[in-house]
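Okay, here we've got a single chain as structure tokens, the form predicted alone, with questions on binding and movement later.
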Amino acid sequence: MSIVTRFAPSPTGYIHIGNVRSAIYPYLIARQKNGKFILRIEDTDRARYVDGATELIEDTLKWLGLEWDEGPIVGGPNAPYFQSERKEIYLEWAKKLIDSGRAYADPTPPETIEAYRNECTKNKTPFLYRNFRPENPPKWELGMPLRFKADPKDYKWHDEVMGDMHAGPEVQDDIILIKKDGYPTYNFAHIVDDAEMGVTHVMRGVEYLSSTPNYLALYDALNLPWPKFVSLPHILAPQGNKKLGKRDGAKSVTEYRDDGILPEAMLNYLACLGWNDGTEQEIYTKDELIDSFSLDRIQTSGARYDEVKLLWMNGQWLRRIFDEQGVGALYDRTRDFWPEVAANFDEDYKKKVLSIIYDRLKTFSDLRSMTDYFFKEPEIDLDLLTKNKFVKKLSEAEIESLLKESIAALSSLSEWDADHLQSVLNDLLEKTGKKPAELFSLIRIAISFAPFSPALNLTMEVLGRDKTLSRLNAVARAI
């Protein structure tokens, strides 16, 4: 069987973590089986439609490297790929149901439906619209809701994640197919679209599991074969007590990108959020995910969202890119993340800074706070000396003496590189009798006034002789 999967988001706002994972899994299985991955935009809920949301969806998929074989921009044999442009197709399929007696016009006013619902609530019985179905509905025409005429029965089906499932007739109802505004409901449109586009695997959130019996009834009424169903468990809030939402601190994928998260890390993290291949491996390239992915390894329970893990994984990818592709490849991705003042410095200097700071970055946005002192003179703050747990053990006289000795030793250095600088620092330790944490912390703070910095010899090498000595002298005078 040729595999066809799809990602069918609604353009109703920002694209969040759960949306993206619902794109990753169908993409991976389609690529693994040399199948087809379709992007379809489900934009029939016009009240919630947001301008620009479709472009945001497309941009996010491109950023993650999830290229689609059919859909907006690329086209394909099943165009159009916007549901709002497929209204005539839905009307043709709706006519089949009307002609077979499986759909009917519903003229019932909303207030009457609400009264039925209240009656059921009062009687403590489930509300099923089929129990209030109009006896002699008029001929259906646009502007009037069209409902499916259910024929409730037992259904059994297999979900590729959840296993064998069963539901009785009590959960099946006369669902709306075409709304009053002429647009189809999700319940109807996605079945028509999946059939027309040849989708073999329907992968979506587990929240749709309860609606599956109604979908199966529609497949049968339309004489359509059932696809394979793949229910994806929820991504949970960090506390694990509910589905992840924006209130739980999860940002949109765009926000993570703007904060300096790498697409490789985001793809890697989300693919492994609720799936593993049974090994201890945690870092995967896209190709490795394609090779390793399998539906039977998707877990049945929800997976907790852990931003700390995402940041750790991003750091791993930063180091991997540097180690495998070099500083130039990593630098090309940092252009929007340097401190504003860095614009006055050339690329070679910034690459030197990046080469000694990259292994401390969690995201590229850390560059703004971690590298400021490489580009402008830090403000002298002697309180930082007294707050440092190592330097505060030294008296003011000792600090002044150590700074002068350090300045003298460094001034005499003929070759200003990391190896020679480290040799001088080691000699200073022996000469002064101080511990590395005491002497090196003092020098580090004096030249950066930052909470932390890369290895001291590397920092001084990049800053250069003149800047390093100038800063040490300025602090010595301020003591």
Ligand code: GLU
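These numbers come from a predicted model, not from an experiment. Residue indices: 1-based, along the sequence shown.
Omitted from view is the form predicted in complex with the ligand, to which the following refers.
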{"item": "One residue of Lys362, Arg257, Arg204, Lys286 in contact with the ligand, assessed in the predicted bound form (non-hydrogen atom, 4.5 angstroms)", "value": "Arg204"}
{"item": "Answer option from Phe132, Phe375, Tyr186, Trp226, heavy atom within 4.5 Å of the ligand in the predicted bound form", "value": "Tyr186"}
{"item": "Heavy atom of each of Ser401, Lys434 and Glu438 within 4.5 Å of the ligand in the predicted bound form", "value": "no"}
{"item": "Region of this chain that lies against the ligand in the predicted bound form, out of 116-124, 320-328, 133-141, 204-212 [heavy atom, 4.5 Å]", "value": "204-212"}
{"item": "Touches the ligand in the predicted bound form: Asn457 (any heavy atom, 4.5 Å)", "value": "no"}
{"item": "Thr468, heavy atom within 4.5 angstroms of the ligand in the predicted bound form", "value": "no"}
{"item": "Interface membership of Glu42, the ligand in the predicted bound form, 4.5 Å heavy atom rule", "value": "yes"}
{"item": "Contact flag, Pro9 vs the ligand in the predicted bound form, heavy atom cut 4.5 Å", "value": "yes"}
